[in-house]
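There is one chain below, alone, in structure tokens, taken in the form predicted on its own.
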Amino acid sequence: MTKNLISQNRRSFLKVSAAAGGGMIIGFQIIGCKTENKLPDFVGPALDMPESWNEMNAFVKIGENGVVTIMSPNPEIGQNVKTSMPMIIAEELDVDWNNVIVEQAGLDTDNFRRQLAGGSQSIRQGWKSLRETGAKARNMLLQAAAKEWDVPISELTTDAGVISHKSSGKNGGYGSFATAAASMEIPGEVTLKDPKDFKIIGKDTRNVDGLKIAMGKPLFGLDIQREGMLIAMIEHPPAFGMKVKNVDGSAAKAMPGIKDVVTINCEPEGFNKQWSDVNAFPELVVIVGETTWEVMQAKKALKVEWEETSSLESSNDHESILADLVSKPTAEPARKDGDPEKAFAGAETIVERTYNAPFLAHNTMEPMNFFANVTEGKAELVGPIQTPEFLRKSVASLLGLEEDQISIMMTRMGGGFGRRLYGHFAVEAAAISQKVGAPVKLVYTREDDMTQGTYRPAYKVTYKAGLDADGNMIAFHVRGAGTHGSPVFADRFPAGTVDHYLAENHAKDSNISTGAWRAPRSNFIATAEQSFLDEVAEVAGKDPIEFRLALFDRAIKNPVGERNDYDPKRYAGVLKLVKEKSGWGQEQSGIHRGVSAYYCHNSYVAQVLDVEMEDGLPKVKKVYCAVDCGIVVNPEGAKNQVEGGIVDGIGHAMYSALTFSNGTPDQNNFDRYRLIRHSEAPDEIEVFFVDNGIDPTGLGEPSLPPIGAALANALYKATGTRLYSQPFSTEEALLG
């Protein structure tokens, strides 16, 4: 059992009061989200609701009949935190999950920490504080029961929302003690459960929104409807490096349902930009009208003149500059161990290869959208956003309001993958609402979304390895370059495994805006690194898994340097597990296998991918995936995350690319931008989690980066051709 001292002050941790009609509220005082007084019929058998709920938010709420409402604080982007975060609270509260209602909280930075969806950190960062929340509530209920029954609190036990005193035979549901518990002192120290006693954590639990999603119930930003709401759409420049010069909106304004055509500047002089304000086109033309269809038609009637403000880049120019960068040393290396130059000079064999990948769009299923209602002295914003705190800062600066005059409510998101970290579309909605003096819902078309920017950067990296006469790697050099930043992580594997090591980073400036894309940087560099190591192992005459395990063995027993940011034992552990589960070395006829392993977002993933050639084209038959992410809160949701990352990674490595001609994206919809199709997904994915009892780490992103290399290595076995450029489907060896 572990004792945890409270780390927050009384005001910021728990607010307790008696609920109207009886009951106990443990909350965080977030504004803007009301609790329903009954469950919708489609959720299942209706719970008997308390007579009334106290109108507070971001809380644990216990009714007089024992029904519990738990607010989920973080944005739900499909990573299942709206289910898993309340599960953590419910576990320590020791309630029956069937008696729990989950609701989405709004933004409140005073009382919540890190209300952000990004970096696969929601569960990792919230693990201890969420457990304390449940444990403190349980302790207060026990205090109330001990006082009423006049027994020592140490003699009381709880199970599924019921308190029991064994020697007297007394039992009582939480609801019967909730009102009294509200007056109890908040404990400064609580005992948390031993993981072996978990009843909710570690059990498959259905997505709390699953039925609502299946039945088309309103959950997403695009579902928002408000009285008097207008629809807004934007027209941004057709090319990066252009801006608006003149606008003639007369024809559009004359069309049915159109209220106005305006121009807005979302970054006026004095605007305090946040890191999340990545926007290549802050000056926009806006059409506002009554319906989406009417606004879309009016948009076609706009007459806009554009002017060039900077260079209009093409993909060939970009590729040439990146190639030039990776051919040159940097002024200062990111890391240097030993004497790489001397080691390479004395190497028996040198392997050197260059890998590259194009820009990628995020292409979320739900295009960018946001609702805003700006009135005198306040602003209400509702929509899909990964970074509500930073959005509020930006909107406050733009509108000249204080942050406490702005409320932000998060809806469920129809995909994000990093795209909704950058809330320019919500800032635009606020600016439009203020300009037209009405509530508006800004809606991007797919073309608006795909050509606006904030892409996964284009990357290029060169690797070089030196081998001695026995095939041992004695020197390693990596030099990477990318748009607005290098993809190289200098302190990750194989740093720490070789005496002579050199890592260098270059960055290329561009007016093409870029940002985080699922597993930033890792999504490319893992494929390049693990493809290269596979080729080095082949040149060394060694099995690719054994070659990697030997490197990890060196890092375990005698690591080089002190900055290595991975645990080689855990890293080697997932490789050994996937080797065992896949039956590595016992390949079937006609099946070609590739392996890969990578560490990112504090988690370790190893994968074996099986390919079969069908009618001259590759077909992924099965993927074996071993994951070490610590304690798995919800295995069903975790498995879904891993499988989704694998399919996403295969699809983008194999098929996707976004290119430019004179600053204009060549792809603006799915007729030109290739995504994976259902028939191209693996026939089977088998996932194995390491059970080590370690506190949870990241999971939304780690399964994506290594799969590209597992695919490339398998395709090499199938075709005899190594792949160095993404997307792989453009390679002649794969075209039949």
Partner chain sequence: MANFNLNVNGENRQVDVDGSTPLLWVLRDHLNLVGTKYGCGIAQCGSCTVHVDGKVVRSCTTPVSTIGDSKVTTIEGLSEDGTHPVQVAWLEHDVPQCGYCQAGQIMSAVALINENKNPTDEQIANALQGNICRCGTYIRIKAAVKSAAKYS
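Positions refer to the first chain, counted from 1. Predicted, not measured: the structure shown is a model, and the values here were computed from it.
Another form, the form predicted in complex with its partner chain, is not on view; read the next lines as being about it.
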Proximity to its partner chain in the predicted bound form, single hit among V608, I525, A178, M413 (heavy atom within 4.5 Å): M413
Heavy atom within 4.5 Å of its partner chain in the predicted bound form - residue from A469, A254, A345, M215: M215
Heavy atom contact within 4.5 Å of its partner chain in the predicted bound form, the stretch among 690-698, 706-714, 63-71, 666-674: 666-674
Any non-hydrogen atom of W293 within 4.5 angstroms of its partner chain in the predicted bound form: yes
Its partner chain contact at F660 in the predicted bound form, heavy atom, 4.5 Å: no
In the predicted bound form, R518 touching its partner chain (heavy atom, 4.5 Å): yes
In the predicted bound form, E148 touching its partner chain (heavy atom, 4.5 Å): no
Heavy atom contacts to its partner chain in the predicted bound form at 4.5 Å, residues of 633-648 in sequence order: E636, K639, N640, Q641, E643, G644, V647, D648
